[in-house]
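A single chain comes next, written as structure tokens; it is the form predicted alone.
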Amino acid sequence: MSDESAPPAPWHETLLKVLKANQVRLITYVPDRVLTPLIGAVHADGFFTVISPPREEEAVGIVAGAWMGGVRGVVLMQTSGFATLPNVLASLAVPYQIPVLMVVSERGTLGEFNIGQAMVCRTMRPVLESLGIENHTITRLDELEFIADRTIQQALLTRAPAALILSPLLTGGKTVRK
């Protein structure tokens, strides 16, 4: 029997559960402070194979190769890392119908201090749309499990890349301490 007064699981635990439920075993990432709880959780869980390449394009290549070998994977990154991906998405993932899953911690909004992050944030969604890549911005914990699960299922069934953008409203974002 569950205790309805218990607080909900943190966002990273919910996302970890959804990845496992969908047999997403390969986790690639470029370090990111916002995603640190999720990165720590996948490292601590023997279910996952975790690789940290130096660049996001390489992470996409690793996930694409794993897909061709029968392994489901995801790329974890922050908004600025997404800026490096249009070419690899347009020339590999989209035309070869590889369901590259991306989880992006959204930077560049809601008090962002880095102008570079803000610039990329303004272009990320239009780039995803122009490439025909399904993307959803998750702002609420009560929507995370449903949206993440259905997005992963759709990517796998349609053999198309997809992005889950984790809003600072969900993760708390990155802030500057004065």
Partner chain sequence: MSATELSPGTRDSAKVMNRTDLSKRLVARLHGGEAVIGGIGNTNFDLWAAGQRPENFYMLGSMGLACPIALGVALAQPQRRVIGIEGDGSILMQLGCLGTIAAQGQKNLTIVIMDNGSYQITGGQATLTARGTDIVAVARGAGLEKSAWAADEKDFETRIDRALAADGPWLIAARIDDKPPAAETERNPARIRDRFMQGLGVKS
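Positions refer to the first chain, counted from 1. All of these numbers come straight from a predicted model, not from anything done at the bench.
Beyond what is shown, the protein has a form predicted together with the partner chain; the following relates to that form.
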Given 52-60, 146-154, 30-38, 124-132, the stretch touching the partner chain in the model of the complex at heavy atoms within 4.5 Å is 52-60
In the model of the complex, the residue from I138, L26, V120, V42 with a non-hydrogen atom within 4.5 Å of the partner chain is L26
Considering only heavy atoms, tell me if F48 and the partner chain come within 4.5 Å of each other in the model of the complex. no
**Q.** Residue contact check: L101 to the partner chain in the model of the complex, 4.5 Å heavy atom
**A.** no
Interface membership of A83, the partner chain in the model of the complex, 4.5 Å heavy atom rule
no
### Query
Does the partner chain come within 4.5 Å of any heavy atom of L110 in the model of the complex?
no
Residues in 58-95 that come within 4.5 Å of the partner chain in the model of the complex by at least one heavy atom, in order, are E58, G61, I62, G65, A66, W67, M68, G69, G70, V71, N87, V88, S91, L92, P95
